[in-house]
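Presented as structure tokens, the chain that follows is alone, the form predicted alone.
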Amino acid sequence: MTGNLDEALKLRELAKEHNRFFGDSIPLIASENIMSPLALEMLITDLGYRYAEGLPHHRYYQGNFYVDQIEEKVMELGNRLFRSRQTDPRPVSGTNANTSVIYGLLKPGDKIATPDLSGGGHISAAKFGAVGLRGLNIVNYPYDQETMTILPDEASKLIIREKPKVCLVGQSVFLFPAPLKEMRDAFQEIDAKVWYDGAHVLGLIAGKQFQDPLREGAEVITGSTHKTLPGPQHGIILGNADDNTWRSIQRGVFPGTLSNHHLNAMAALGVTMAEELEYGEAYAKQTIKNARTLASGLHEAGIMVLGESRAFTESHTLVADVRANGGGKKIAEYLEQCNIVLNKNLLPWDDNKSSQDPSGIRIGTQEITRIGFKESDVKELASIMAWAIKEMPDPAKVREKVHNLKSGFRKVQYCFGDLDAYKYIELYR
């Protein structure tokens, strides 16, 4: 037994080391965030041990009296926050939400239009992802390489010519709003279902700072809930769909692609959406300001940031081409040694390069904004990053600057209560 306890304690120590690392690092992964203490509390409730297959009041298990009330409240909050007719908070991730829509609306052999992977599309919409595994025929929209944005005129012609059953827009590198309004006539001409993958920008949409897909032509939005929407690792589907379409999507969720739906995370999502109704607009505005400030600072220091013609970004994300500095893999791994955490990323001209050794890096400002970074702090960060990328000094020298900058940011902002961000994980300090 002692040996097994040692194994458990080793895992505990690794978790403590992980928390220390991120506590001392500047987190810039565009697909991550941290929760508020009130939302985090939901994850350690008894909800995390229970099952609730199906929909409220139509369950396959007993013991769901309070779960039904929680789920209905979460659905109500989702409809209020996104001004939607329908909310399904059951998907356990953004890709699970995507797969649910795929199974609900499409059959093998159907055609779907999607963003190209090298243009920022998500892997679930690629041939080797959920779309391909469903056996769908894929056509990719033309896009502008400099802004990684769909070209609406060319895409509209493609839609009319190819007549896909579903048109998917939305990316994992989402610098600028998708041209939904400009493509609406083409969608309507072929009577396509329009699906918007808002995983990365869901919080910006909630804060009314990016675009409003449900008013611009989309019938359904999918998303993960832990990026610009600063909630738990979970998923969500939102709709202004007709009843038959929505029922098909819900069948795609259950029994199509999941059984139980992680009730503790669903409750945490509800708390997050209540906080977003209160603070989401201010949070989204500052996130975008910080992204543009960081992009400008890196650009002025000689780092090639995409999207210069449109002020680099209108979201939380910016992308830099670091081929001149050794490439995305080398820079991302070096910066990790410096306690600056971001990811390597394919760029439009990387068709023949491995995703493990791409030209670029992807940077997100949603998490540093969540802990209080403002423009002046981001300018200091840009200076540190540019120095590190261009000169690659001893990582210890960069870490010292990173620690000094990060030391002033220990509290989660834009949430109920001015509570210590790490209060609930003192075990790991």
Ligand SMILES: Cc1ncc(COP(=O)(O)O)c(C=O)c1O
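Residue positions are given as counts along the sequence shown, with the first one as 1. Fair warning: this is a prediction, and the values are worked out from it, not measured in the lab.
Keep in mind that the form predicted in complex with this ligand is not shown, yet the notes after this line are about it.
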{"item": "This ligand contact at residue 114 in the predicted complex, heavy atom, 4.5 Å", "value": "no"}
{"item": "This ligand contact in the predicted complex: residue 213, any heavy atom under 4.5 Å", "value": "no"}
{"item": "Proximity of residue 98 to this ligand in the predicted complex, heavy atoms at 4.5 Å", "value": "yes"}
{"item": "Exercise: residue 269 in contact with this ligand in the predicted complex, heavy atom 4.5 Å", "value": "no"}
{"item": "Partner-contacting position among 286, 86, 293, 172 - heavy atom within 4.5 Å of this ligand in the predicted complex", "value": "172"}
{"item": "Interface segment, criterion being heavy atoms within 4.5 Å of this ligand in the predicted complex, picked from 194 to 202, 155 to 163, 304 to 312, 72 to 80", "value": "194 to 202"}
{"item": "Sequence-ordered residues of 216 to 230 touching this ligand in the predicted complex, heavy atom within 4.5 Å", "value": "224, 226, 227"}
